[in-house]
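A lone chain, given as structure tokens: the form predicted on its own.
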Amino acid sequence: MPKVLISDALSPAAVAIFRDRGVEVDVKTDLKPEELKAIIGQYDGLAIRSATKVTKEVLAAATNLKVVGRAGIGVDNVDVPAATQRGVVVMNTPFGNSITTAEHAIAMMFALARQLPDANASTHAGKWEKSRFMGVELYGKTLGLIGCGNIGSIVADRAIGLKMKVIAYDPFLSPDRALDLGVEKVELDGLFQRADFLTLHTPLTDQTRNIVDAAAIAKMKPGVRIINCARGGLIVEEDLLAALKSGHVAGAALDVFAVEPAKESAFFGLPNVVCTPHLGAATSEAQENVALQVAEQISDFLLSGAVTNALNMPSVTAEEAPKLKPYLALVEQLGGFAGQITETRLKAVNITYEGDVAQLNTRPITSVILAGLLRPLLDSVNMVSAPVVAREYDIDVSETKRETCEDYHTLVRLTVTTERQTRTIAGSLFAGTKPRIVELEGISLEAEVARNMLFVRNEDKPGFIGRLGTVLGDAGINIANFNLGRRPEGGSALALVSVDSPVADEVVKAVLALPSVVQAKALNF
């Protein structure tokens, strides 16, 4: 039974989901880093909100951890690269609190435009300062969105309903999507120059950190109002503070801060600043939704292999997972075989999917192939980290899909190019579930992969099989299966020999010493 730790406060309904699905769950909140490190090795999954810090050190202690699920959007508190390196899938719940966060941004915009917090405090104090609180209308104003994804697009929809003109900067926003949303896609400088209100809805990355600084503010209209319900690090707070005090920025509404919890801030007490304590997702509906979603996602992954909303791995639906399972077993063997016989630097990898497999989600299959291929070179590589490692090593990875296959109902062909040569290996599924190698370097054969194997390339001459058998017999190695393939008579030939025990280096040397042998390699799976 998989075991999950919930280390931040989640709805009791999330706990019930784990238990109902057959997942053992412990709830231990408010753990100190050392306490978390001491126990995390017991768990297959970790469910968190924003309080738990999943650091490199925590991940190093998480010897059994397979998945981290963040109930919410941001994963600033998770070392995603370190998780990827260790093969830990990191998931979030990007849709559960999208509406809530978007509504908060709209509410902050209203509060800022009409000075609602100060007007409320003044009226509660018994004052009637009607003339003091002169606001501005949203109608007809230009709203600039930095980020037009899940939340930004909802904000755009609500703002258009308020009869605002909406412009958006988002490198991933396509012209067709912008048209569907009713927004105008613009460059960042153009957005700064035109916006009456500016709201941020982008994750905090190296590219977006400090995206609003003094230089950006200088390009904005005098009297611009800025709303940030995304991440504090998007704005250089000192620069915004100076612009607020000078009057160039008429007001700001901040739900997030560079350092949280923000118990002290230079923004506190300013009459033209509205502050809330990171309330973007703080509605009962959103908290319940994200908790339930993360419980379902972690359970699906641990029980069936389904991957939803992962940041470091291709998604796999619950329906796809059982269909992919036999293919993942097949390609792990293909990749492992190719990796073990590769002796020089990898330059390129092409995977061709033919027949039935071409209709499936092949991204996770490709990840498993790369992991098998790279594992003989890098022990720690896995299906999560393999695509990243391939890019780091400048290996060109490509896929080809063909809906038809001449000889098999389904076929995966792996072509590996190194500094010296190009090799191919192909495999299929027999009876829908049984992996078989069916082609090696253009030579047809049929081989079931065993735990211990010997690969031999030789010239096709009489007596070879007997001599090979003698060498293995003299070493006390029992042959379980002998798979042969060859080019036209007298050409090159291949042998894949399944054996009952590992083949030692001295046995490989003895095989290499046989007449006509060109290459010999012991393989382990």
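One rule holds for the numbers: they count along the sequence shown, beginning at 1. Not measured: the values here are computed from a predicted model.
This next part talks about the form predicted in complex with a small molecule, which is not shown.
- Proximity to the small molecule in the predicted complex, taken as a non-hydrogen atom within 4.5 angstroms, holds for one residue of F430, F133, Y393, F172, which is F172.
- With the partner omitted from this view, the residue of S398, T123, Q207, S444 that lies near the small molecule in the predicted complex is Q207 [heavy atom within 4.5 Å].
- Mapping the unseen interface onto this chain, N150 counts among the residues with a heavy atom inside 4.5 Å of the small molecule in the predicted complex.
- Heavy atoms of V256 reach within 4.5 Å of the small molecule in the predicted complex, making it an interface residue.
- Though the partner is left out of this view, H278 does reach within 4.5 Å of the small molecule in the predicted complex, counting heavy atoms only.
- Though the partner is left out of this view, V249 does not reach within 4.5 Å of the small molecule in the predicted complex, counting heavy atoms only.
- Heavy atoms within 4.5 Å of the small molecule in the predicted complex belong, among the stretches 366 to 374, 113 to 121, 219 to 227, 96 to 104, to residues of 96 to 104.
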